[in-house]
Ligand SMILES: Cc1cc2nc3c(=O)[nH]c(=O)nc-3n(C[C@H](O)[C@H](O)[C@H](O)COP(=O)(O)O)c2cc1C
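So this first bit is one chain, no partners, the form predicted alone, shown in structure tokens.
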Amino acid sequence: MKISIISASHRMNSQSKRISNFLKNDLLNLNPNIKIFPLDLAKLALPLWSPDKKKGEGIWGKTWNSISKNLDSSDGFIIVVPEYGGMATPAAKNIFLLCGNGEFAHKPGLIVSVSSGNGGAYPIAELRSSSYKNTHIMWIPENIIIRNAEEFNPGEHGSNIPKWIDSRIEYVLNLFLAYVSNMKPLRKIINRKDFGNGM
């Protein structure tokens, strides 16, 4: 089983990246045999999608092909997205535009939203409503919102982090892994040749 964890912040050494590392450790604690592909969109600074991507030149050559192959070989996705001005980040939206070859198709995804304050709900609504059409990612019904992210530190959370958050994360990750395992057979009947995009 291979899981991609995508940190969708534009900032280097962001809270999203830090929380992604915690989630990686949580997954490995649940199943040490899981392979993790970490994707830090701040570090990569991928350009916005344009028709030039089809030429396969520059970053769209070896670099993107490596990313695309790792995503394509993944069985599930966790996207850690901060809330910027009540929205999902441009990097979060862009990665779904870039993945036009079925990398996400019919695989479960988990949204983990990050807020420095008491927000965090809007990126979840935005990604659920607009990221799935052509990518065919299957967002699971559960999500995680980490508010007051600077105080998030499993085992030693700050006073603004609820005590139940670690149990909630463990529950959702276990559920996510169950979706990953049980959705694998579904992909045997997928016809992307004739029906590659949504209606």
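The first residue of the shown sequence is 1; numbering continues from there. Bear in mind the structure is a predicted one, so any value in this text is a computation, not a measurement.
Same protein, other form: the form predicted in complex with the named molecule, not shown, and the subject of what follows.
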| item | value |
| --- | --- |
| Candidate stretches 70 to 78, 124 to 132, 84 to 92, 100 to 108 - the one whose heavy atoms come within 4.5 Å of the named molecule in the predicted bound form | 84 to 92 |
| R187 within 4.5 Å of the named molecule in the predicted bound form, heavy atoms | no |
| Partner proximity in the predicted bound form: V114 to the named molecule, non-hydrogen atom cutoff 4.5 Å | yes |
| 4.5 Å heavy atom contact, E170 and the named molecule in the predicted bound form | no |
| is_contact(E150, the named molecule) in the predicted bound form, heavy atom dist at most 4.5 Å | yes |
| Contacts with the named molecule in the predicted bound form - residues in 164 to 199 whose heavy atoms fall within 4.5 Å | none |
